[in-house]
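The chain below stands alone and is given in structure tokens; this is the form predicted on its own.
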Amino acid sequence: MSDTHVSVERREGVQILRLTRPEKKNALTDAMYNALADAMVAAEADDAIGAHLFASFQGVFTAGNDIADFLAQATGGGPQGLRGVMRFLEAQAQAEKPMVAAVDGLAIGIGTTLMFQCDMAFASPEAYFKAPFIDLGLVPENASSLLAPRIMGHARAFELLCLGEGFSAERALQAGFVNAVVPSAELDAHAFGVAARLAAKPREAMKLSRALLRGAPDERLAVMRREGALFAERLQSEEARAAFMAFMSRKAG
């Protein structure tokens, strides 16, 4: 484990990224976002790496953004402008190498929207996807307002992003943002095997084919930045402050 609570491992052409903050259910801080962004940028520039794999740790993918971190921003403390967050989000949009996810347990907020950026995703039966942005007085992020309706249609995307309904692994499979549901004990090996197969394919052919399927990143980045500007505004709103304070009060109770 690193001081930033992000584990980076490289083998067989795959960079494996794990959040290692189990005491906080892998909730993400600005430092963790920066560490993830740094690792992705480094892997994109390394010819030895052909794929990224986002993996779970101790039965939890991520509880989403650290609410204390958010509350600090909402009250004027901590990093402003979502710097670490936006670096990581833009690294996803600009990545030219395949991204794979292996989700076990909670995948809240960014843990869910990351699935729309990934090329393939696998979940254990215990995986649970939820995007409670509006409940926190916020708006969707990570270009999810663009990508989720494309992947699953408006009605299901609205249910996930606006109603804030949780999706089980099977529901995520039906909605089309998970490729397969795999037993927890086999999840890591299965997802790594797929990522290694992708990394072993001819690199330039993979890059070009992936770009044909995904399109240029400009549209994603434009939507992502618009979401990010609204998100930053909402962090300073009374609705968000009240929601964060209520969350922290419930947690303390």
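Numbers follow the displayed sequence, beginning with 1. Here the structure is a predicted model, which means the values were calculated and not measured.
As for the form predicted together with a small molecule, it is not shown, yet the points below apply to it.
Assess the spot marked by F54, F116 and R210: is the small molecule within 4.5 Å of a heavy atom from every one of these residues in the predicted bound form? None of them does, since no heavy atom lies within 4.5 Å of the partner.
So in the predicted bound form, does any heavy atom of D66 sit within 4.5 Å of the small molecule? The answer is yes: D66 has a heavy atom within 4.5 Å of the small molecule.
Any of the heavy atoms of E23 lying within 4.5 Å of the small molecule in the predicted bound form? The answer is yes: E23 has a heavy atom within 4.5 Å of the small molecule.
Any of the heavy atoms of F177 lying within 4.5 Å of the small molecule in the predicted bound form? Output for F177 is no: heavy atoms all beyond 4.5 Å of the small molecule.
Mark L106 yes when one of its heavy atoms lies within 4.5 Å of a heavy atom of the small molecule in the predicted bound form, and no otherwise. Yes, L106 sits close enough to the small molecule in the predicted bound form that at least one of its heavy atoms falls within 4.5 Å.
Proximity to the small molecule in the predicted bound form, single hit among A169, L136, L161, M99 (heavy atom within 4.5 Å): Spelling it out, the residue with a heavy atom inside the cut-off is L136.
Residue (of A27, M224, L36, A199) lying close to the small molecule in the predicted bound form, criterion heavy atoms within 4.5 Å: By the 4.5 Å criterion, the partner-contacting residue is A27.
Where, among 148 to 156, 178 to 186, 89 to 97, 107 to 115, do residues come within 4.5 Å of the small molecule in the predicted bound form by heavy atom distance? Of the stretches listed, the one contacting the partner is 107 to 115.
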